[in-house]
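Only one chain is given next, in structure tokens, and it is the form predicted on its own.
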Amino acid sequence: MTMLTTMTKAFATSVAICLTAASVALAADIAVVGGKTDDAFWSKIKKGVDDARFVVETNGGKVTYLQLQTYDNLGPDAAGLVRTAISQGVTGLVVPNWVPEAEDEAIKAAADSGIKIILMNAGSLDKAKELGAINYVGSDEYLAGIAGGEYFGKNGQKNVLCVNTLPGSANQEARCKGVIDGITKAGGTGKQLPLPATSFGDPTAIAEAVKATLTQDGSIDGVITIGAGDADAAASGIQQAGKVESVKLGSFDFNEAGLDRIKNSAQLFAVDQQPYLQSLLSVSLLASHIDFGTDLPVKPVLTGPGIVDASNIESTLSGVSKGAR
């Protein structure tokens, strides 16, 4: 009897040790590749990461945010951060597929090493499958562009300019293509204004480019930018061109200045992809997959597009103070 009791205790101890070891091995160690946190858009992504971090850490895991230092060399720098994550031995990776030709090799290498991956913010479900990722969480940028172009058309605009300060970036190219196709579908026309990547975050360069284009082509009656900060500069360019009454402004994403313009009728709308949800869901879903083997039948997980305009500006402003909108 004593021997049996001893054997039973030993077996229980052995099982406990194995379970403990398994739980340690399964604990999610997730790296998130993202943009600069002083960027109005990526600060919302970072909040989503930080809020998801509570759940990950409660289950014994951790989350590391690997941010780009500039946007001048977007694809190669993002690939470098993926390789950094691989070298750190992470078990999970959340990464935007901004520039596939520059990033794909590194993302595939991460998948081949056994890292579980979710594409976030830039990509598609087809691309996720191609690279070995388990899902895509974000907006379909082409559909978001279509929504923006159609909204212009419904509000009477006939010739729309899409200002792209990150030409070559897959998601920004898709946005502008969608805008052009959307306004064309609504009976208008559109074109892209590609600017050097160094102009991203340079309000003077963007304002001057918008002013010059509007001055040269008086038929343009709508301008949309790929980001909230660019919209601030475009608003200045429209004003400098003396086109405030005739040219309506839209943007992808928004900041407080953009929301104020919408509230005061100085900006027509913003296309919202809900960046907070992108990172919150990506990190949470990936951690659960690693820790517990869970998965979603919903693929992709789309967080947009939505339109923020005069009809819903007040409800949108209510989330701004908490950093989630």
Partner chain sequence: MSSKTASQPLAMGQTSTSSNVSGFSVGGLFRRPEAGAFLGLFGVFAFFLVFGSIDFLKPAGAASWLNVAANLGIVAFPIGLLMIAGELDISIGSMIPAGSMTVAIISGYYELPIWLGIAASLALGVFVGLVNGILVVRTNVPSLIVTLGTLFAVAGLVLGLSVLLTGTTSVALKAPALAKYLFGQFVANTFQVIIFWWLALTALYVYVVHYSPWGNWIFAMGGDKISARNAGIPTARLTIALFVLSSTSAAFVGMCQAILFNSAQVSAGMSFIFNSIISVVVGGVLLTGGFGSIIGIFFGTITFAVVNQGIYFTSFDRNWSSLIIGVMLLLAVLMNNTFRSMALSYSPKKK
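Residue numbers count along the first chain shown, from 1. Predicted, not measured: the structure shown is a model, and the values here were computed from it.
Another form, the form predicted together with its partner chain, is not on view; read the next lines as being about it.
> By the heavy atom within 4.5 Å rule, which residue out of L143, L195, A111, A102 makes contact with its partner chain in the model of the complex?
So the residue touching its partner chain in the model of the complex, by this definition, is L195.
> Pick from K158, K127, K177, K211: which has a non-hydrogen atom within 4.5 Å of its partner chain in the model of the complex?
The option sitting close enough to the partner is K211.
> Of the listed stretches (250-258, 181-189, 130-138, 74-82), which one has a non-hydrogen atom within 4.5 Å of its partner chain in the model of the complex?
It is the stretch 250-258.
> With the cut-off set at 4.5 Å between non-hydrogen atoms, does F200 touch its partner chain in the model of the complex?
Contact with its partner chain, yes.
> Is there a non-hydrogen atom of G153 within 4.5 angstroms of a non-hydrogen atom of its partner chain in the model of the complex?
Outside the cut-off, so no.
> If we define contact as a non-hydrogen atom of the residue within 4.5 angstroms of the partner, is G229 a contact of its partner chain in the model of the complex?
Taking the distances in the model of the complex, the answer for G229 is yes, it comes within 4.5 Å of its partner chain.
> Consider S219 of the chain shown here, and say whether it contacts its partner chain in the model of the complex, taking contact as heavy atoms within 4.5 Å.
Heavy-atom contact with its partner chain at 4.5 Å: absent for S219.
> Let me know which residues along 139-177 have a heavy atom within 4.5 Å of its partner chain in the model of the complex, or say none if there are none.
Contacting residues: none.
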